[in-house]
Every structure is written in C-alpha cells, then in structure tokens.
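The chain below stands alone, shown as structure tokens; this is the form predicted on its own.
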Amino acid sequence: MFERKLLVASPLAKARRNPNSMKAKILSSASKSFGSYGFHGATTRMIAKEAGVDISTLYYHWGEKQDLYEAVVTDLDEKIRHKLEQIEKIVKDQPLSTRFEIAIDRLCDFFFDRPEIPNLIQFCYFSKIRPDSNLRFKVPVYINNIAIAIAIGTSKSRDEISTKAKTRVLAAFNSIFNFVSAENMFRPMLGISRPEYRVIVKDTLKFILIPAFTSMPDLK
C-alpha cells in the first residue's frame, strides 16, 4: 500500500495565495527594508516594525532573516521574469526603434512602481557577498534574454548577435536602474514632481538610446 505524501506549501506560496495575509504583509515590508538598506543593513526588528508586528510574529511566519530575504529575492525574480516575458511578446515583429520605445516605457513603469527591485539588485551586485552565498538574483539571465529579444527582433538568430550589441542593450537597462535608484537625489536637483520625473526619464532615455542603437549595423 502506497503512503500518501502531504505536500506542504512554502511560506512564499502561502503569501502569494493570500495577498492580504500576515505573511504577505511581512514579505512586502521586507522587500522595502531590504531594498532600502540591503541584506546586512536591514534588521528583522526593522522589518517587523515596518509591518506593524512584533518580532516573534515575523519569526513565526518566516523563520530566520536569510529565509525571509531568499523569499523576497525569489518573489521579485519571478515578477521580473514575468514582466520581461510580457515585453518580449509585445516587441515581437516590431521595428527596432519601436522595440526600444516599448521596452523603455514598460520597464520604467515597472521599476518606478517597484523601486526595491533595482535597489536590491544593486545591493547584490555592488556589495561584497561571500562567494558561496545564495543571496543573489537570477535577474542577469532574464535581462540578457530580453536584451537579445529586443536586439534581434525576428530577423536574426540569437547566435548572430554580437557581444558588443548585447552589452550596449544591457547598458540601457542599467541606465533605467540608475534613474530609479537615484530618484531621491536626482529629482530634487531637477525641482520636479515624481510624475514629471518619470516622464522626463523616459523621454531622456529614448532621446539618447534609440538613435544610438538604431544606428548600429548589427541591430536591425
């Protein structure tokens, strides 16, 4: 007689299943705290305070700090992958300039609505983390895939795109990250509101990047 195995949902699966749950509330607060201070700078007490719960409630729902951080990274990774897959479908069969315009619009909106994502990515890749650590994002893989999709459209195979072309496409994504992460510094310098900042960032990126990329012979 076969034994029936009980499949227990992970805390992240439970949080996703019920966005109004305590697990989801703590996860959201952790995303903001880790996005503001990084893994080492954010504390569980800080996250608990942000969520409006006591520290024992946080540990009950999520366990140790690293468990919570890994859930945040996994959750945001999935959101990034889903968004980039959406963009890849939208830009298919479009002219190169249109592909870049769509990508800039959609990615700016996505990251401005979720500033913790570029902040966390920058913390991950520009801070010292032990080589054996599993606290890193998979996002470079996703961005590389969408970069290739935007670069090649439907006229070339992925193997035909040069490293130089892919690197320049990735530079465009890095520009978006920088504008989002540095908003609190750049926007007061410009003396404009947040909605105005989002518009001018998109316009500036299109002004600089689209002519630059459409002039490249290996991107058409």
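Numbering starts at 1 and follows the sequence shown. Computed from a prediction, not measured in an experiment: that's the story for all the values here.
As for the form predicted in complex with the DNA, it is not shown, yet the points below apply to it.
Put simply, of 171, 53, 192, 182 only one has a heavy atom within 4.5 Å of the DNA in the predicted bound form, and it is 53. When the DNA is considered in the predicted bound form, only one residue from 32, 187, 65, 166 comes within 4.5 Å through any heavy atom, namely 65.
Three-residue candidate spot 22, 43 and 59; every residue lies within 4.5 angstroms of the DNA in the predicted bound form by at least one non-hydrogen atom.
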